[in-house]
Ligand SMILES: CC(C)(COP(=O)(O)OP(=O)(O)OC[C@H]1O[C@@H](n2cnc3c(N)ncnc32)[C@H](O)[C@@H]1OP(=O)(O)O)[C@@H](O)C(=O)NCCC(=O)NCCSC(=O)Cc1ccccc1
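Next comes just one chain, in structure tokens: the form predicted on its own.
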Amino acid sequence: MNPDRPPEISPDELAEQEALYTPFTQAVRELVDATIRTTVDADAIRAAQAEVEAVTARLREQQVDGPLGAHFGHGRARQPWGNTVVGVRNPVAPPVHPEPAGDRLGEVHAEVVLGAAYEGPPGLVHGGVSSLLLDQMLGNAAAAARKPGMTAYLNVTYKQPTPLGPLRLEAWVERSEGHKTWARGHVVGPDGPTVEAEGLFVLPRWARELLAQRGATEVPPTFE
């Protein structure tokens, strides 16, 4: 990860960008869902393909080199809009919106609806998707506790199948020692927790060195 601060824009400019890209990205999500579930005839598929290819070519007329990264920022916060779980501009993201909750240290929760794009076994969420979501949630819990870090390990236990549809994600911090933070969380379905995870998050060396240079008076930058 590049430790440099991303380009800064004002909160108003940030809101304008979010208002622009949020519905656009949702439209692409709807396209993905329709692609999976459509039953139109072959001619309609070919016509739709030509239209999609034309739109893709139009968007590629001007684009960033490589991944989007933390492209926008204001104050300490970085905006990982390309993130595959929470990214405003990533149609692969469900998306997930972690919010503070509960009395436990760094506790966060999110409500999410997983549709056809996240299917593994018929009618069920792919196990890798559950792991992906919990990795993000545990990381957000660490950040909420003002102990952000990168995933060092993530242990996932599958308690029961996770059905597609509305789910609740919960995560919290168990303890923190220096630059290391341990967090737990789970996916909750209509019949209770379906997947549990516990992980270790470590503040990267570059961030620790940067804090040392600044006299350790600043909290590491968070991601929103």
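This one's a predicted model, so the numbers in the text were calculated from it and none came from an experiment. Throughout, we count residues from 1 along the sequence that is shown.
A second form of this protein, the form predicted together with the ligand, is not displayed here; the remarks below concern that form.
Of the candidate stretches 25-33, 46-54, 158-166, 172-180, only 172-180 has residues with heavy atoms within 4.5 Å of the ligand in the model of the complex. Each of G139, G149 and A152 comes within 4.5 Å of the ligand in the model of the complex, counting any heavy atom. The ligand is not drawn, but in the model of the complex it has no heavy atom within 4.5 Å of E107. By the criterion of a heavy atom within 4.5 Å, R214 is excluded from the residues contacting the ligand in the model of the complex. When contacts are judged by a 4.5 Å heavy atom cut-off, L200 counts as touching the ligand in the model of the complex.
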